[in-house]
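Form predicted alone, single chain, as structure tokens, below.
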Amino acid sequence: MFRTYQALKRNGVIGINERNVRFVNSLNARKFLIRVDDKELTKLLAKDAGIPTPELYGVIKNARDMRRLAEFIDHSDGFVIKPAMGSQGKGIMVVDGPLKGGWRLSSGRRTDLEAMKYQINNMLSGMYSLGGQPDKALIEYRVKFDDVFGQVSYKGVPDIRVIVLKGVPVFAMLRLPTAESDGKANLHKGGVGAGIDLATGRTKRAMQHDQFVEIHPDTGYPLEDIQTPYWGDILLMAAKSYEMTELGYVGVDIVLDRDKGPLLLELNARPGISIQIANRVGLRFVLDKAEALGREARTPEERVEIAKTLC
């Protein structure tokens, strides 16, 4: 299906250039990009919009804030330290809990307070930020893995990526951590992506490194026909991101917490296009349908119902 340019075109596959010119650049006003690029601001906007996110324990912007690090990380059930302006999961520390005078990372390795300060200073210097600009570090609630995806994940926390055009969810994918990705759900690190049927929330097909796969590489469990819990809530959260950001084309990343349900993890104004491979169908036809809906005002609930009919 993906062998030649003509085959790609017939199947509605879009490339990076088309994504950038037709959707990212034309639908995402530059003045609003900060709303998704700065994860602290995203949390504040989400709170106003009634969209749940992982609780923020503290923000470190300078040496004075660093003195409060021990206070911010005083959580026996773990925490996450991440750069506010980071991307692709770079620089993130996931801490499971205390371990013999130090802390245990999600990878199983031990770390201590000095190592955390070193990593935070790297974040502040801009090592992981978009464009290398000085950044801040966020300390937040560590999501507790919902066992529903336990058989198709290797450590880490799976997430659900939903592409949204003008408030209408158009494509979705379940991203699963692997041993190769070191427990992270990022596809470019070796995570698995499984396409999701918008109408039902069930996984359809899957891929790793842009190659089709039928089973998880570490657990051996089938990846197809898995029901995503809270599917209606997830679609509604994704649809509400439109009013929240005023961006016309975004990727919405949502995680499932076993106690708190779906939580908005972050937004991306330049979502990747590998989601097409996971779904084994191109984005263009669905995006065309969503654009053809015009400028008529609709509620997020109405847009979710439309989304279920697009594919």
Partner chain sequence: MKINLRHATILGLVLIVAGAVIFLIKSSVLHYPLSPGERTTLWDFELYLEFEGRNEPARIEAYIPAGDVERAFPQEEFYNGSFGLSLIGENGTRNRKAVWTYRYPADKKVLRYAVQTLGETQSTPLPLAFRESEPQIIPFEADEVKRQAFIVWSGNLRQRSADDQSFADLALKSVFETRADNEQYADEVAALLDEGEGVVGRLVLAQQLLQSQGVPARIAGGVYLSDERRRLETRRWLEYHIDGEDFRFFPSDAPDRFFTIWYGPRPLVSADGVDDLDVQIALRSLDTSASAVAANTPGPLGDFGRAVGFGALPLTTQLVYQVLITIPVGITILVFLRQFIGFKTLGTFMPVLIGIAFRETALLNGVLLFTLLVALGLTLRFYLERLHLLLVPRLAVVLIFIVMTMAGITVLMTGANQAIGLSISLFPMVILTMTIERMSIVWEESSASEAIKQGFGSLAVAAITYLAMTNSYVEYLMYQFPELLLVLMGLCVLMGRYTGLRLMELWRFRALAN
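These figures come from a predicted structure and were not determined experimentally. Positions refer to the first chain, counted from 1.
Here the subject shifts to the form predicted together with the partner chain, a form of this protein not shown in this document.
Trainee: Are Leu44, Pro158 and Ile215 jointly within 4.5 Å of the partner chain in the predicted bound form, each by at least one heavy atom?
Mentor: Zero of three within 4.5 Å in the predicted bound form.
Trainee: Of the options Ser107, Gln151, Gln227, Asn121, which one has a non-hydrogen atom that comes within 4.5 Å of the partner chain in the predicted bound form?
Mentor: Contact with the partner chain in the predicted bound form is made by Asn121 alone.
Trainee: So the partner chain isn't shown here. In the predicted bound form, which residue out of Val286, Leu256, Ile277, Leu267 has a non-hydrogen atom within 4.5 Å of it?
Mentor: Contact check passes for Ile277.
Trainee: How about Ser76: is it within 4.5 Å of the partner chain in the predicted bound form, going by heavy atoms?
Mentor: No - in the predicted bound form, heavy atoms of Ser76 and the partner chain never come within 4.5 Å of each other.
Trainee: Is Leu293 close to the partner chain in the predicted bound form, meaning a heavy atom pair under 4.5 Å apart or at it?
Mentor: Contact with the partner chain, no.
Trainee: Quick check on Leu33: any heavy atom within 4.5 Å of the partner chain in the predicted bound form?
Mentor: Because no heavy atom of Leu33 falls inside 4.5 Å of the partner chain in the predicted bound form, the answer is no.
Trainee: With a cut-off of 4.5 Å between heavy atoms, is Glu301 one of the residues that contacts the partner chain in the predicted bound form?
Mentor: Residue-level check for Glu301: no, no contact with the partner chain.
Trainee: Tell me the stretch among 122-130, 231-239, 216-224, 159-167 that has any heavy atom within 4.5 angstroms of the partner chain in the predicted bound form.
Mentor: Among the listed stretches, the partner-contacting one is 122-130.
Trainee: For the stretch 10-28, I need every residue with any heavy atom inside 4.5 Å of the partner chain in the predicted bound form, listed N to C.
Mentor: Sequence-ordered list: Asn11, Val13, Ile14, Gly15, Ile16, Asn17, Glu18, Val21, Arg22, Ser26.
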